[in-house]
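One chain follows as structure tokens, the form predicted on its own.
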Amino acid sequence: MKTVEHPLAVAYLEAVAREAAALAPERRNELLADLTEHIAVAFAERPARNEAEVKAVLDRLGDPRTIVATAREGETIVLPVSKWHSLAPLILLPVAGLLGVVNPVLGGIAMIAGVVLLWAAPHWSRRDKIIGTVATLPVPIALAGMAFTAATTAPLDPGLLTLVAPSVLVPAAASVYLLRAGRRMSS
């Protein structure tokens, strides 16, 4: 039996794999490959004849937690993104314009919440976040314009539609863009 296939060595590598679950898959695989190679080299240099010798080699490598902690230094841990965190900005950004027609305060709150959630999400690039934020600019412009138009003209003025349409369509287009960009980043 090859020593790397020894049950103690296999259990050791499985323990490292469990501890390394939070590492990026490439880093985890690299770490396991390096440890497997170290074990193989150690046993090639000094063959282990019994369990005590296998344990001694594994003890020299170190505790699995310590090994993974060392591997984590300098690496950002990728946290899973919830479905809600992915969808909330995509829904809130275009809805903010519609809500602004009914209630400007709710429209403003939806816009701010959408932008905050967009910037808090780890799965979009900085460029994507800037695009999503800029796309919300028609919302406050439309809200201000609607307040001015409502104060000076009749409530069903056709000019009101020219304010509402961009405040809904531009953020909706940005949401479609962000949805596609998020899928690209996660695959």
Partner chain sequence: MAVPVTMHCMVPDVASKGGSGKAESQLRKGVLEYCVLGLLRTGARYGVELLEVLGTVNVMTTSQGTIYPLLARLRRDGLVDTTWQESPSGPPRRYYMLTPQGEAALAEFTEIWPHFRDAVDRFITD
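We call the rigid core whatever largest set of C-alpha positions still superposes within 1.5 Å between the two forms. Numbering follows the first chain given and starts at 1. Quick caveat: nothing in here was measured; it's all calculated off a predicted structure.
This protein has a second form, the form predicted together with the partner chain, left out of what is shown; the following refers to that one.
Student: Should the three residues Arg27, Ala44 and Thr70 be counted as contacting the partner chain in the model of the complex, with contact defined as a heavy atom within 4.5 Å for each?
Tutor: Each of the three qualifies.
Student: Which one of Leu35, Leu118, Ala142, Ala135 is close to the partner chain in the model of the complex, taking close to mean a heavy atom within 4.5 Å?
Tutor: By the 4.5 Å criterion, the partner-contacting residue is Leu35.
Student: Indicate whether the partner chain has at least one heavy atom within 4.5 Å of a heavy atom of Gly62 in the model of the complex.
Tutor: Yes, Gly62 sits close enough to the partner chain in the model of the complex that at least one of its heavy atoms falls within 4.5 Å.
Student: Answer with yes or no whether Ala40 is in contact with the partner chain in the model of the complex, where contact means some heavy atom within 4.5 Å.
Tutor: Judged by the heavy-atom cut-off of 4.5 Å, Ala40 is in contact with the partner chain in the model of the complex.
Student: Although the partner chain is absent from this view, report whether Leu31 comes within 4.5 Å of it in the model of the complex, heavy atoms only.
Tutor: So Leu31 counts as contacting the partner chain.
Student: May I ask you to check whether Thr66 falls inside a 4.5 Å heavy atom distance of the partner chain in the model of the complex?
Tutor: Yes, Thr66 is a contact residue.
Student: Core-aligned, does Ile131 move its Cα 2 Å or more between this form and the one not shown?
Tutor: It does not reach a 2 Å shift.
Student: Note yes or no: does the Cα of Ile67 move by 2 Å or more between this form and the one not shown after the core is superposed?
Tutor: Ile67 C-alpha, core-superposed: shift of 2 Å or more.
Student: C-alpha of Val16: shift of 2 angstroms or more between this form and the one not shown, rigid core aligned?
Tutor: Val16 C-alpha, core-superposed: shift of 2 Å or more.
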